[in-house]
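Okay, so we've got a single protein chain in two different forms coming up as structure tokens, structure 1 first and structure 2 after it.
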Structure 1
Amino acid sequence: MFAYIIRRLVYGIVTLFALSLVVFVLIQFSGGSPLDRLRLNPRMQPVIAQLTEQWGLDRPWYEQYFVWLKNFITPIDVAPQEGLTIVMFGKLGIWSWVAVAAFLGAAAYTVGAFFATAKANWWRTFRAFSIIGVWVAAFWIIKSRIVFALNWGTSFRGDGPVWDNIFGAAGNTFRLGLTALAIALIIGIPLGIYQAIRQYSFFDQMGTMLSFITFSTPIFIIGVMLQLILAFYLERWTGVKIFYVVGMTGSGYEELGRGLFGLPSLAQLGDVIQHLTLPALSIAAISMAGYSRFQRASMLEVMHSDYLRTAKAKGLPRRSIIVKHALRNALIPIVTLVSLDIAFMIGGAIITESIFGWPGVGRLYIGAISAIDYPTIMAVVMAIGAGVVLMNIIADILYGVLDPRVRYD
């Protein structure tokens, strides 16, 4: 198990390396330059020369790549926060990865060792999960006392450090993505299960048809249609603004007043929901269609399985046949699907964020692409790539926990 995780991590790092090389080379060969816009202004000549020097744009592409790569994995000094800071990785430079690797390795070993013996019964599985919880808690406590930032460069558009930009935007993206995921899971999975139980019923056929249509619809059409119908046209007909189509909060958000303990007040919450609903729905619609289709197929396969026939022949009531025997088996495959969806959450929101003006990673990316702001482009691509690698490994581990047949070689 431990060896398996390590091997997967190594493959993942190689993949990320290749990904960075491909994207970097592509950007370099495009012939465009982030300074193109400045060139239009003759008075900018000295600035251009200075920036070319500073960003190393005059050097050959491979030199630029290695400089970027070295910086990309090197921690930098950041100002300590409120006196709590006890570890500053910046001082260690690139060697701080040894410390990080030691921590993560120990965590992975513990988790792996527990999962390896966790298959016997639910109690041991639960214990294994609680161990993960301990590690997460430990990480959380340490997190507030360490300062860690990588030298991801400065945005060519003058937006400041890329590291801060990405992590600021990632929070917004996750607010959108997790809401969408929750909606999709809560509706999509029960829908698929119900369809499978009532196979060939009118409801099933309608559901299949609807999810087929949704699945075949590009997300930008769903987003634009939701905007038009539920925001613009609805407002025109009713005269009431129910949903907003741009941004995360209204301009007067802070004036709405804070609630208890500094939490958002009800008015603020309402404002957030008004902004969040449409973009979340448009992402959720596609995932929902995918989940319900997948869940229906997986449930049907289980419903026609021999062991379900055995369960019936034992005299189990229909409810416990479905709940105990069918669901447990039918939910296993969807774990993989959902894990990968979380990984692609950042990437998948690119279109939605640009339609709804959501200040997340996707919009950062589109802006960076237009300006050939390669530090930002590279950082976003790498963040998404790392997410995919990590979630793939997590999906595999979870699969092994849920399905006793899986063995890691």
Structure 2
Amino acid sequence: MFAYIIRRLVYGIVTLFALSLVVFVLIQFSGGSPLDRLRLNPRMQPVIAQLTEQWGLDRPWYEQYFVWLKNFITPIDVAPQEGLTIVMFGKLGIWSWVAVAAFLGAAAYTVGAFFATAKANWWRTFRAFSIIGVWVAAFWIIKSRIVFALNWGTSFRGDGPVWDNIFGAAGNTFRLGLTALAIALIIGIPLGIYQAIRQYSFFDQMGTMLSFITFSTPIFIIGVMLQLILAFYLERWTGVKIFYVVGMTGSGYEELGRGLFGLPSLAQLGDVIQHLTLPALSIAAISMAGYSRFQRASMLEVMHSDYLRTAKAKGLPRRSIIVKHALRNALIPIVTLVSLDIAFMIGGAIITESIFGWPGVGRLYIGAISAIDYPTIMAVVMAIGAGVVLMNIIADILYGVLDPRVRYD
């Protein structure tokens, strides 16, 4: 498994290198200059000269690419704000204690699990100590609050460092994306399982029809329909504004006050939910339709397999057959879909964020494309590519967890 992961990481690095080269060439030959807007302002001449020198914009495209690549992988800020002191558990807030508890629990489990299976195999023992080292390094990062940043450049639109812009918007995108993913999984997977169990029933036929309709509907139509029905018309019918259609929080969010330990109060949480519901539902609707269809097809395939017939012949309860034996193998296609959805979540739900005015990576990406802001474009594309590579590796590992027949040795 370890050799397989290393091999996949090497392939992933080569893939990212090829991706960066192709996207960079496409940007270079798309027409226009990233500094055209800045040239309209005579006061921006010093900035233009600085950007031209920093990114080699007066050089051939292949030289510009290597200048960008060198800057992209160069750290500009690697420093712990607070060293690892002898008193490991000094002044820690409530969230730091949660991190410490999680670290100690995971480390204890790691030690116990590996030494229980180590026996006389020195390689397993070495791997146990290696993983303990990884946990120690992770704890050091948690305790020291290390600061790390790469030189992804400055936005050509004058928005500041690209690193700060992307990671400032990534939290908003993940809040939206993970909420939509949770809704899609909670509803889509049980729906697909029930359709497979009740194959060709009225519920199955209706679920299939609605899934095809939803999956074939463009997401901007779903978003606008949700705005009209659940925001405008619902407010007109009830006289109460339940959901909002623009922004991430209301203008008076901070005035609602904080709760215990500085956490958001119930009023603030309600305000967030009112703004988050509609964009999350618009993304979740299409994912939900896809998950239910794949789960149904996978479940039907597994339920007709030999080992399921053997389990039925042994007289096992139907619930046990479905939950313990069929569902585990039927989840493998869903793992692939979810891993890719999480990876592409980094790019943001571009259309949804634009419709609902959500300040995420998607809106940042659209603005960068319109302004030919290639440091931002390249950073977002590379973040998506790295996410796809990483999530595919995690999906392959989960295949082995779900299906013992899968081996990577």
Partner chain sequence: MTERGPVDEAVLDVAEGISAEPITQWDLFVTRLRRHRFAMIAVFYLAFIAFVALTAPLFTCAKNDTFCGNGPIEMSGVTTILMLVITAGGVYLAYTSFRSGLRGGGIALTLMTFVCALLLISSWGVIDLPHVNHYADQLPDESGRILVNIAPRASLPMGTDDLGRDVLSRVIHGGRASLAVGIVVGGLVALLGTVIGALAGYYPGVVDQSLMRFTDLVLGLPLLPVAIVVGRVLPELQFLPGFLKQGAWGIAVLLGLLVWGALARIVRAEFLSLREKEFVEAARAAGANDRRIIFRHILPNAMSPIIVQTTLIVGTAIIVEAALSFLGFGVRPPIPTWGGMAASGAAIAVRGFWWELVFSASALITTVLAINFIGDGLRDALDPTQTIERK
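Quick note, the numbers are simply positions in structure 1, starting from 1. Predicted, not measured: the structure shown is a model, and the values here were computed from it. Between two forms, the rigid core is the largest collection of C-alphas that superpose within 1.5 Å.
S.K.: Given that just one of these two is the form predicted on its own, which number is it?
M.R.: The form predicted on its own is the one given as structure 2; the other form is structure 1.
S.K.: Against the rigid core, is the Cα displacement of residue 239 between structure 1 and structure 2 at least 2 Å?
M.R.: The answer is yes; the displacement is at least 2 Å.
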